[in-house]
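Encoded as structure tokens, the following chain is the form predicted alone, with no partner shown.
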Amino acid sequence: MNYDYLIVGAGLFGSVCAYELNKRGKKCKVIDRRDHIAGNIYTEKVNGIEVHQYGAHIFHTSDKEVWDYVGKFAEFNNYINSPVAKYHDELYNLPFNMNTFSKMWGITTPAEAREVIDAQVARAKAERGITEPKNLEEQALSLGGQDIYEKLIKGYTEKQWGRDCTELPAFIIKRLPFRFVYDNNYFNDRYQGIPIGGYTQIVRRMLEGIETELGRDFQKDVSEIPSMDHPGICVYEMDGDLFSNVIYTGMIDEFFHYEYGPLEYRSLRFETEALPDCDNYQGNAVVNYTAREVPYTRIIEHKHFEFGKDAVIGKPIHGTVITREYPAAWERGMEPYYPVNNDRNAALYAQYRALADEKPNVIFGGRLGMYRYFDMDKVIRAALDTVKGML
């Protein structure tokens, strides 16, 4: 059987492409090496609670077309992301706003907050001789001063990246989002929410009527066959079926068998715990732990994404489910979450991108195929634009 497209990865990018191509009459098959669809936005009900299995995912966008598009597949609630940072026994609101500054310095007005920040920045620059920041520590100090850096940035960032802030490039923090208002809404986007009933339903509805196989590995199960009609171009074969085109959302370096060596990633490890005798563990969906000595970066309490109530019948849910999130060094075989953006990896990715350009019937997309971190709305926009460009 001949197919127009083999789509590798049943995450958001691949599923949007599959839905749009199928809608236009293209014959597609979707494969994924995992045993479930939806990639990292996969949610699963545990004790009546939709659990985000791969970390907290809050949908937010200022792109109305994308907001209306995703709304075709699920109804969204009005969840507003307002994380809390815990530094030892101190709690601070995020993003950095007047509630944060008031708690930290006992001030009440924007003018007082600006005065403290400006004074601390000037002191840090003078004491360290900072003119052009050479690393993340100097960049953070020159933007926010000592208190914010020590309590809310240093430990969290070092855990996230697995190295001291003095060893990280300055461009990781291009700016600090200071808000001199009493507003704990983390995002500036016009639209925000969580799909009622979880994210998996979105992908399931996108893939309705499209042949999907789980537990299939592109590297092991798919072969390249030189095209007899188009020299230099390969068609792809799996189980005797032929595919004219591939949309590949896996790691671009893995596709080319690490020909130039592996790109760098950071990974995550999740410890999820059901607490049947506790109805409210931390009072917030997301609490960041910013002290370096705490091994995890945050704890997610999933029931707060849907306001602690059953999404269908609206009654309170007893018990709770929490997830501790641990950053980890990535090794082959582990799930890659964050690309490590530095000069070395940029140059390495450019080499793989050049190889990709030699395969006109293979589209590389998503965070792994493009070696970029994407928010969910940007994934959808990229997939829609990709299909439009292809057709």
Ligand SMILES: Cc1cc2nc3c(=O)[nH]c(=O)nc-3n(C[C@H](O)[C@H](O)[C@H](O)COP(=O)(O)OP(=O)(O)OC[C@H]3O[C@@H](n4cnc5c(N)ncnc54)[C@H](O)[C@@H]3O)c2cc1C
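Note that this is a predicted model, so its numbers are computed, not measured. Position 1 is the first residue in the sequence shown; the rest follow in order.
Just so you know, the form predicted in complex with the named molecule exists too; it's not on screen, but the next bit is about it.
Note on the interface: of 43-51, 345-353, 63-71, 26-34, the segment with non-hydrogen atoms within 4.5 angstroms of the named molecule in the predicted bound form is 26-34. Using a 4.5 angstroms threshold between heavy atoms, G155 stays clear of the named molecule in the predicted bound form. Although the partner is absent here, E293 is not a contact residue: none of its heavy atoms lies within 4.5 angstroms of the named molecule in the predicted bound form. Contact check for E75: every heavy atom lies farther than 4.5 Å from the named molecule in the predicted bound form. At least one heavy atom of G250 is located within 4.5 Å of the named molecule in the predicted bound form.
Contact residues in stretch 54-73 (any heavy atom within 4.5 Å of the named molecule, taken in the predicted bound form) are Y54, G55, A56, H57, I58, H60.
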